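Here are two versions of the same chain, shown separately as structure tokens and labelled structure 1 and structure 2.
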Structure 1
Amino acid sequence: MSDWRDEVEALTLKGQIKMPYTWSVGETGSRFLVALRDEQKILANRCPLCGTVYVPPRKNCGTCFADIGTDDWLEVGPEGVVTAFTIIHQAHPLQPLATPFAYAIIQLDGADVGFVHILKDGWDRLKNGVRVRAKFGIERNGRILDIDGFEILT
């Protein structure tokens, strides 16, 4: 007895969903992005209860669940220290750059949490603890990539 399943051509069908979205940044995040765009400044804010300085700033502290007030703002960076990194070798269309490039977690001066961003070059000097500085893009549109990347100092 032959089994039709041994003969049948198992098909796959192609499809794609490409959906445009419009995400609300909110007032708190917008203030941060506007400062990046218009003043080339990196703003942060401080939880009034635990004192954690958040960058990007938050409307409330997730840990304390406390509202962060309008006066609890400060400027951090533009320099900081790399606390962890990876160098990307495998290309993907979603990545912001062609490979190789680096993603790093950067502790900006004055902040208590890490800031995730990219480094475009200087691999031979990249290690944890190295000091870096934000380099702003020439064309800025109010996005996190208005910082073009971080450059290794010295």
Structure 2
Amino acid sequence: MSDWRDEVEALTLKGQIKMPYTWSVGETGSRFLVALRDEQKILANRCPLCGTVYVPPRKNCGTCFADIGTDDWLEVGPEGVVTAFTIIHQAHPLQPLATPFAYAIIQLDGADVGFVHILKDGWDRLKNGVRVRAKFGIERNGRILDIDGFEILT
């Protein structure tokens, strides 16, 4: 007896499907985003074993894998230092802003890891080591973009 699959040519359809979705950021991420929205504060958390300070906060330490509890939170920033950056000139539908703008890794005061965010202007002064400050949006709704961007300090 012949298997019908041997007699059929496989059909392949190449394409893309846009699948917008949302997901919960959990208790740790929610506490961080609520503080941005309601208090205009940037919260971090500290590993109880190795002392690494994370922003955005994490449930587990990326260095020693320890659980980070609810008592290990602190406020950092809102100022920090740019440790790396790239200026975006090519538009893409998933970008948060119209071009040009910059992504920067910012070492916020009091944190041990870099925090990725945007700078909307001041690229003539943008370089590694420059100090920046978070600028909060007027309308905030519990998203990372409640920080409207960072501005270079003069």
Partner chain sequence: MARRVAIIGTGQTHHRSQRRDVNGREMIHEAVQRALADCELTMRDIDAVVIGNMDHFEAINSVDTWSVEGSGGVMKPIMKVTTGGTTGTSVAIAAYYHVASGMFDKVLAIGWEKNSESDTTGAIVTCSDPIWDRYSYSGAIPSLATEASAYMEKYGATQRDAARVALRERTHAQNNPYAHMHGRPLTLDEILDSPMLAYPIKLGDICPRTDGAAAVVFAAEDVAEKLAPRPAWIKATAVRHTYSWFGDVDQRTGLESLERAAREAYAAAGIKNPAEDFDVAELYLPYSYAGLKWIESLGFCGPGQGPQFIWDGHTDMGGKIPVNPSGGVMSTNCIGATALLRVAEAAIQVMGKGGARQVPDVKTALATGFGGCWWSDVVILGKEKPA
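Note that the coordinates shown come from a computational prediction; the quantities given were computed from them, not determined experimentally. Sequence positions of structure 1, starting at 1, serve as the residue numbers. Take the two forms, find the largest set of C-alpha atoms that superpose within 1.5 Å, and that set is the rigid core.
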Quiz item: Only one is the form predicted in complex with its partner chain; which?
Solution: 1
Quiz item: If we fit on the core, is the Cα of E9 displaced 2 Å or more between structures 1 and 2?
Solution: yes
Quiz item: Using the core for the fit, does the CA position of I138 change by 2 Å or more between structures 1 and 2?
Solution: no
Quiz item: Upon rigid core superposition, what is the positional shift of the Cα of M19 between structures 1 and 2, expressed in Å to one decimal?
Solution: 2.6
